[in-house]
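A single chain, nothing else alongside it, follows as structure tokens in the form predicted alone.
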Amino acid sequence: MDYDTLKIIWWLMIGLYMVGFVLTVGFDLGIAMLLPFLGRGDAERRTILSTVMGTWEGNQVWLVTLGGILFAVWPLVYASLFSGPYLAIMLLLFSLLLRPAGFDFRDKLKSPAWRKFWDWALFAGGFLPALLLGVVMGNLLLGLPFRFNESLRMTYTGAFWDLLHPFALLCGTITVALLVLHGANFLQCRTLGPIALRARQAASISAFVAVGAMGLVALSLFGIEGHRIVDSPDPATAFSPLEKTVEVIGAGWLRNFLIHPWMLIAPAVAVTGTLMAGAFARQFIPGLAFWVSGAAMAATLLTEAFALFPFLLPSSLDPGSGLTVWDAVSSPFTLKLVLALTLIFLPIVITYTGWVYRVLWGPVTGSTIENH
């Protein structure tokens, strides 16, 4: 298999893992954000938490695997991302720890104050990762302030507060609203009565918020500079990121959609899927609403990937130092080895995950909790 073909395959595979992550961990995060608002009293909040209690730990496999594969396939991207905006990444990882702690400790004591504390810790454990993931995606479109020297040693000049650019926060609003929509649709599938009714309302509101933020982001992209490779070695060879020449162009991240109009399918599915998910939730068709909100989130990720391609980590400080699909990748042997392992274990993970959800599926009620 050619080296450039392997690079494209891994661009697609990483996208597949990211979709798996947002589809599974996504509704966990959404439910955590909704917990203090949809659960009126301890019994309802226990019911809400029980909808994900048997599956949330398995969902983390996608996150762990994604990190490992990023390290193996795109080591320069991994190293640059974790050593540049270090504080933001650490805050993201620590905020992800709040949710598992809340799941494990909330019901250890019967004190209302103790349980209320963990309810809000669970909310923070859902809201902060959702917001920060969107902020990271927004900053990829703005470009991160880093450069490489001749020996590929990186210099990063940004500060934590610089990442909270209004455009990045707008992208964070999209991820928060989409994950709330996905979580609310999951709750509609797994609960009955008042909780399902409140989840329906949350799904409708979050769908409109997400679409409004998507429209503002699309308009903002006309005023944001993008990057374009004007000269580069053969993509079928191994070369340093500094060997390419990159120019900065206005509204450059919209360029791929103008050259390849078929790519517009992704943003179209993202917008219409979000609206349809809200509409299906409103009509009490929760199963369809859940799958459509999942498709909308996958299309949103694909929209950003299409806009950036072939860039993975653009640099606002030195565009030539930006990392791309062609120059940030591991050796052909590593790509083939990891691909072979993925083709063996990924179907096993998907099959096992599907079996677990099938076994645990069904409405959760107060009597269900008391009997188990």
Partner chain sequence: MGFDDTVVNLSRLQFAITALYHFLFVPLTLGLSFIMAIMESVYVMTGREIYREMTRFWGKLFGINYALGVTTGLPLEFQFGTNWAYYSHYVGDVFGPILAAEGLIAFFLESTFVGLFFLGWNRLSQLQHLIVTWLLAVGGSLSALWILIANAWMQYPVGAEFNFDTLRMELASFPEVFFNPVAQVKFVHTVAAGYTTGAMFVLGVSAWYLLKGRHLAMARRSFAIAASFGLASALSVIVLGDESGYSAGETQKVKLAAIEAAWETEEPPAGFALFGFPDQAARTTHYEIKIPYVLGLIATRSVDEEVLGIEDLEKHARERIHSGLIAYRALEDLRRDRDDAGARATLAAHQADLGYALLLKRYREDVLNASEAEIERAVRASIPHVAPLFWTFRGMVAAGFLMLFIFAAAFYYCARRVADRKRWLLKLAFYGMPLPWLASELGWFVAEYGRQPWTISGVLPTFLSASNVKSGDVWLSLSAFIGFYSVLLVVEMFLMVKLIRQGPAEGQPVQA
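What you are looking at is a predicted structure, and each value in this text was computed from that prediction instead of being measured. Numbering follows the first chain given and starts at 1.
Only in words, not in the display: the form predicted in complex with its partner chain, which the text now covers.
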>> At 4.5 Å between heavy atoms, is Gln201 in contact with its partner chain in the predicted complex?
In response: no
>> Quick check on Ala43: any heavy atom within 4.5 Å of its partner chain in the predicted complex?
In response: no
> Do Pro145 and its partner chain share at least one heavy atom pair within 4.5 Å in the predicted complex?
Replying inline: no
> With the cut-off set at 4.5 Å between non-hydrogen atoms, does Asn256 touch its partner chain in the predicted complex?
Replying inline: no
> Of these, Ala213, Ala298, Leu98, Val271, which has a heavy atom no more than 4.5 Å from its partner chain in the predicted complex?
Replying inline: Leu98
>> So if I measure heavy atom distances to its partner chain in the predicted complex, which of the stretches 124-132, 288-296, 224-232, 73-81 falls within 4.5 Å?
In response: 73-81
> Hey, which residues along 230-249 are within 4.5 angstroms of its partner chain in the predicted complex, non-hydrogen atoms only?
Replying inline: Ala238, Phe239, Ser240, Glu243
